[in-house]
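The chain below stands alone, shown as structure tokens; this is the form predicted on its own.
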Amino acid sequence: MPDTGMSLDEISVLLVWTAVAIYTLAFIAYAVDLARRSDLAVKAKDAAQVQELVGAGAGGQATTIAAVREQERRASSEVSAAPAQRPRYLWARMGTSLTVLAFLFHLAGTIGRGIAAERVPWSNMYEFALTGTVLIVAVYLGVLFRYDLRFLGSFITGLVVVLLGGAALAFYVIVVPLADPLKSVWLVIHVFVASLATAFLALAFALSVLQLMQHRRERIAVERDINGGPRFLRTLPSADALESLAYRFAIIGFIFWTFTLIAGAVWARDAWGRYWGFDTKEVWTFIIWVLYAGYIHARATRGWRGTRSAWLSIIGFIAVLFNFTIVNIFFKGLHAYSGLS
């Protein structure tokens, strides 16, 4: 093989930036898909208005609202449809194909970083961003076999472009030997499970944001203006269906986060001789656990549904991002493994 003059780590960086570029193309394709769905919504609205004129004086407005409700019901049922039975949205399929291609480059870059470092690729902020974002995409693509969540494509790929591109620009560090406390099997278990939890919580976050938008559109449609809100929302599942999906993913993420908290305590006992020491990172990991525990408990037993549950899910994921960025960079503690000088 000819000598390219590039190290394995440099090749890894090139693969990562290639993935970012393809994710950007996927984001554009998914955005066009949402625009096309908006056109479908306009056509459905026009058809409903024709029915309203025909039924004027005999419940025409009710006919229009019923048509909108039927569109929402159909969109909600399509989410659980088998892949062969799903609507064949051309731009959504293109976006998914590009996401798969970007994921392969992304995965290759992540593995390449691990091989270059001769260890798992998640011992500093740059490497954790590599692994965390690749798992977000992996979970999204895996979930597509069960649920048709392609309407989340622009949100997921946009989030990955921002997180992965930002990490490559701001957090990249050369490969260095592991710090002594990280030389443990718990590095493999604890951080990987935390990354997997983050991936599921990111999906719940995206669904909760759409839930808030859909809830507002539905409320406006009933109270004031049948045409309120972004048009593409009319082709998406109802706010209740989005909330149910977000809740399912949040539960899975919460289970993994609970294991992360327990595994971290066991690792702390091995590394520092105590299970808990009120280190900043430990405290924020527990705060995140409390937020999601409160979200799950409140929704299951206290009837906290609708916008209140959505905001709890959103605040929980903001805390996850805060824990990864602000806490790692600006707070000193035993978990100061950002790799940044």
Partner chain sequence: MSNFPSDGSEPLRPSDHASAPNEPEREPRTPTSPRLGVVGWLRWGWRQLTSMRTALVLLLLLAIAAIPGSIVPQRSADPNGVVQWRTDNPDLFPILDRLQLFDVYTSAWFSAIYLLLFISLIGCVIPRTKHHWKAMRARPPRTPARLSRLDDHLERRVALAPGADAEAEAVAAVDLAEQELRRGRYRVERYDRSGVASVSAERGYARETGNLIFHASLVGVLIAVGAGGGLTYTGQTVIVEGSTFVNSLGLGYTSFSPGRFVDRESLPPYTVTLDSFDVSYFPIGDTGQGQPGDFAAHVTTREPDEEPQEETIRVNHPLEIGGDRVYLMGNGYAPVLTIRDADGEVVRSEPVAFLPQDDNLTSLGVIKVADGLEEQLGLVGFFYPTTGVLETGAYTSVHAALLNPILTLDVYVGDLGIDDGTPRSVYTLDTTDMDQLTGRGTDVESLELTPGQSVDLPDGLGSVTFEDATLTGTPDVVPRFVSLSIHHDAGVVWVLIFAITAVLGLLAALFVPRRRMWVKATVRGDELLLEYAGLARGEDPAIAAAVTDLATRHSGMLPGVIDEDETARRTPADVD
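Residue numbers count along the first chain shown, from 1. Please read all numbers here as calculations on a predicted model, not as lab measurements.
There is another form of this protein, the form predicted together with the partner chain, and it is not shown here; the text below is about that form.
Contact with the partner chain in the predicted complex, judged by any heavy atom within 4.5 Å, is made by just one of 179, 220, 168, 144: 179.
Judged against the partner chain in the predicted complex with a 4.5 angstroms heavy atom cut-off, the residues 277, 280 and 300 are in contact without exception. Residue contact check for residue 293: one or more of its heavy atoms lie within 4.5 Å of the partner chain in the predicted complex. With a 4.5 Å cutoff on heavy atoms, residue 174 counts as touching the partner chain in the predicted complex. Among residues of the shown chain, residue 331 is one whose heavy atoms approach the partner chain to within 4.5 Å in the predicted complex. Of the heavy atoms in residue 93, none are within 4.5 Å of the partner chain in the predicted complex. The candidate stretches are 96 to 104, 157 to 165, 131 to 139, 240 to 248, and the one lying within 4.5 Å of the partner chain in the predicted complex by heavy atoms is 240 to 248. Along 249 to 267, a non-hydrogen atom within 4.5 Å of the partner chain in the predicted complex is carried by 251, 252, 254, 255, 258, 262, 266, 267, in order along the sequence.
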